[in-house]
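Next up: just one chain, as C-alpha cells, the form predicted on its own.
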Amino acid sequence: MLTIALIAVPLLMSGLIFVLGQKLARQLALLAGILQLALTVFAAIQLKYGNTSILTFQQNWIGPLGIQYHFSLDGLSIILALLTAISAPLIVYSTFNRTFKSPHVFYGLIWLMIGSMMGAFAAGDAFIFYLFYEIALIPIYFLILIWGSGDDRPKVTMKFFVYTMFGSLFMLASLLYVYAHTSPKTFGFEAMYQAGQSLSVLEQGLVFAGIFIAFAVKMPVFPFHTWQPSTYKAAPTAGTMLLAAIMLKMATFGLIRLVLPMVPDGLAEYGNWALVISVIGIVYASLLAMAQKQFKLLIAYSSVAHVGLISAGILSTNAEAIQGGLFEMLSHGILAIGLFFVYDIIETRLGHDQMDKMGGIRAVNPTFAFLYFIIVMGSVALPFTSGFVGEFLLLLGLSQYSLWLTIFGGLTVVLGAVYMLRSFQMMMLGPENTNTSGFTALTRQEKILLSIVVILVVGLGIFPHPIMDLSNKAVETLLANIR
C-alpha cells in the first residue's frame, strides 16, 4: 500500500487543491510536498533496512488484455521517487515569491504532473508506464500555455505537445510488438522482458530504435532536441523546473527499465548509433550553451549536454555507468532547480536575463553570489559535489565501452566549466553598474531554498553511499538477467 500511496497522494492532493484551494492553494501544495517526501523517505528506509527488495501493488485492470494496476518500488525506481519527492516541495516553495492567477488551478496542475511522473517511475506494467508517461504532458501543456511568457507560447506549446506525442507513438508500436509475443498476453515487465529477449537480433534492434526515438525526444538528445529551448524559454520557472528536474528523467529511467532488459541483443548489435548521437549531443549542446547571451537558454542547453552523457553512459550497459546514471539523474534534478531558481531571482529583480548587461551582483549581494557559486561548482562536477559523483561514474563506465566516446563525452566537464564559470563571471563579478546596483537582498524564502539546494549538492557529493547503496543490488540483478 505504501507504493500506491506515493502515486495516490499527489493525485488526491491535486484534486483537493482544484476543489478547495481558492485561498489555500500554496499551503496545500506545500503540505502535499512535505507528505510526499516523508512517505518516500519511509519507503527508501523500508527497502534499505526491511526484509524486502521490492515494494509492490498489483491489481487487475483490463484482464483480457493482461493490463494491470501494477506498481513497484525497487532499488532503481526509488532513486527517481526520491528525486520527485525532493523536487516537489522545492518547486512549490520556489513559487512563493510570485502571485498567480487561479492559483488553485496552477498548483493543482503541478501536483497532477507530479503524480503522473511518480506513476511512470513506479510502474510495473509497460502499458501503465506508457499511460503515465503520456498523461504528464497534459498538465505541463496548460502550465506553459496559461502561465508562460511570450506571444508565441501557443505555437511553442503546441509544437512541444505534438512533437513529444508523435515521438511516443514509436514507443507504443514497439511495446505492442513485444506484447504480441508474450504468452499469456500481458504487459507485465517480466513477461515483456522475456518476450523481447526471445526476438531475433534484428527485431530487437527495431524495437530498440522505436523506444529510443521516443525517449530521445523526451530527454531530449541531438537531433531531437529542437522543441526544448523555445519551450523552456516560454515556460514559467516552476514549469521549467518540472521539465528539467523530473520530466526528462522519465526517458532516461525508461532506458534502464525498458531498453536494457527487454532488447539486450538488439542494443549490443545496433545500439552504437544511439551512443554516438548522445555523445554528439553533448558537444553540440555545450557549444550552443557557450554561445548564449540569455541565462535561461544557457541552462537549457546545459541540460541537453548533461542528459546526453546520462544516455550514453546507460547505453554502455555496465554497472558503474548505470549507477552513475541514476545518481546523476538525482544530482541534475537538484542542480536544475537551483539554477532555474537563480534565473528566477535575477529575472524578478532586473526584468531580464541578458548576461552581458549584468555584472557586479556579488558586490551588492555577496550571499546570493556565494550560494550561486556552489551550485555552479556542482554543475561543473567539482569533487565533493553531487555532480562529480554521477559524471565520474558515467565516464568510468563509458570508458569500458569506448575510449574515444569517453574522450568526447568528457568534454561536457571541460566545456561545462567554460560556460558556467563564464556566466558567473559575467553576472556576479566586476564592478556594479546601473542595471545591478539596485539588486536587492535575498528574501528569507530565497535564502532557505538556495541553502537547501546547496546542502544537498555538497551533502550528496561527500556522502553518496546512502543513495548508491539503495540501487547497487538492483543494478547487479538487472545486469545479471541480461547477460
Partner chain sequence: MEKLVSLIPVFPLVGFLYIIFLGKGLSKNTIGAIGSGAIFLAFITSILVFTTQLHGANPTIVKVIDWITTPKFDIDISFIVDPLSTIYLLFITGVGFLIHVYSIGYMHEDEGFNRFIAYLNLFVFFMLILVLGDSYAMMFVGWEGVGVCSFMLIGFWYKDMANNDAAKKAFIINRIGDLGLILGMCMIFFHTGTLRYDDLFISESAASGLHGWDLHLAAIFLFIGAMGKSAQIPLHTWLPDAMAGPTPVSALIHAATMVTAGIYMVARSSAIFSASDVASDVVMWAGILTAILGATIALTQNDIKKVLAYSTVSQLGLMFTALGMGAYSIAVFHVITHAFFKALLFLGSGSVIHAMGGEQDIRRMGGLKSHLPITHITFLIGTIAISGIPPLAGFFSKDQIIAVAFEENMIMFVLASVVSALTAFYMFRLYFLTFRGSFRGTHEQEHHLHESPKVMTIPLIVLAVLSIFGGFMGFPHAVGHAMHVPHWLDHFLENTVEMEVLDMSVGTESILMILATVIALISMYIAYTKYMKNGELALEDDEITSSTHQTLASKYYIDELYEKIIRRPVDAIAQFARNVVEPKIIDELVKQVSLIPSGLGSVAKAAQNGKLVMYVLAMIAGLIILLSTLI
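Numbering follows the first chain given and starts at 1. Just so you know, these numbers come straight off a predicted model, no measurement behind them.
The same protein also exists as the form predicted together with the partner chain; that form is not shown, yet it is the one meant from here on.
Peer 1: Since the chain is shown here on its own, which stretch among 92-100, 177-185, 257-265, 284-292 would lie within 4.5 Å of the partner chain in the predicted complex, judged by heavy atoms?
Peer 2: Flagged stretch: 284-292.
Peer 1: Tell me, out of 64, 431, 50, 438, which residue has a non-hydrogen atom within 4.5 angstroms of the partner chain in the predicted complex.
Peer 2: Of the candidates 64, 431, 50, 438, 431 is the one lying within 4.5 Å of the partner chain in the predicted complex.
Peer 1: Spell out, yes or no, whether the shortest heavy atom distance between residue 159 and the partner chain in the predicted complex is within 4.5 Å.
Peer 2: Yes, contact at 4.5 Å.
Peer 1: Taking the shortest heavy atom distance, is residue 320 within 4.5 Å of the partner chain in the predicted complex?
Peer 2: Residue 320: contacts the partner chain in the predicted complex.
Peer 1: Is residue 38 close enough to touch the partner chain in the predicted complex, meaning at least one heavy atom pair within 4.5 Å?
Peer 2: Although the partner chain is absent here, residue 38 would stay clear of it in the predicted complex, with no heavy atoms inside 4.5 Å.
Peer 1: Classify residue 202 as contacting or not contacting the partner chain in the predicted complex by the rule of any non-hydrogen atom within 4.5 angstroms, answering yes or no.
Peer 2: Answer no; every heavy atom of residue 202 is more than 4.5 Å from the partner chain in the predicted complex.
Peer 1: Please state whether every one of the three residues 82, 308 and 351 places a non-hydrogen atom within 4.5 angstroms of the partner chain in the predicted complex.
Peer 2: No residue of the spot touches the partner chain in the predicted complex.
Peer 1: So which residues in 388-411, when you check the partner chain in the predicted complex, have a heavy atom no farther than 4.5 Å from it?
Peer 2: Counting only heavy atoms within 4.5 Å of the partner chain in the predicted complex, the contacting residues of 388-411 are 388, 389, 392, 393, 395, 396, 399, 400, 403, 406, 407, 410, 411.
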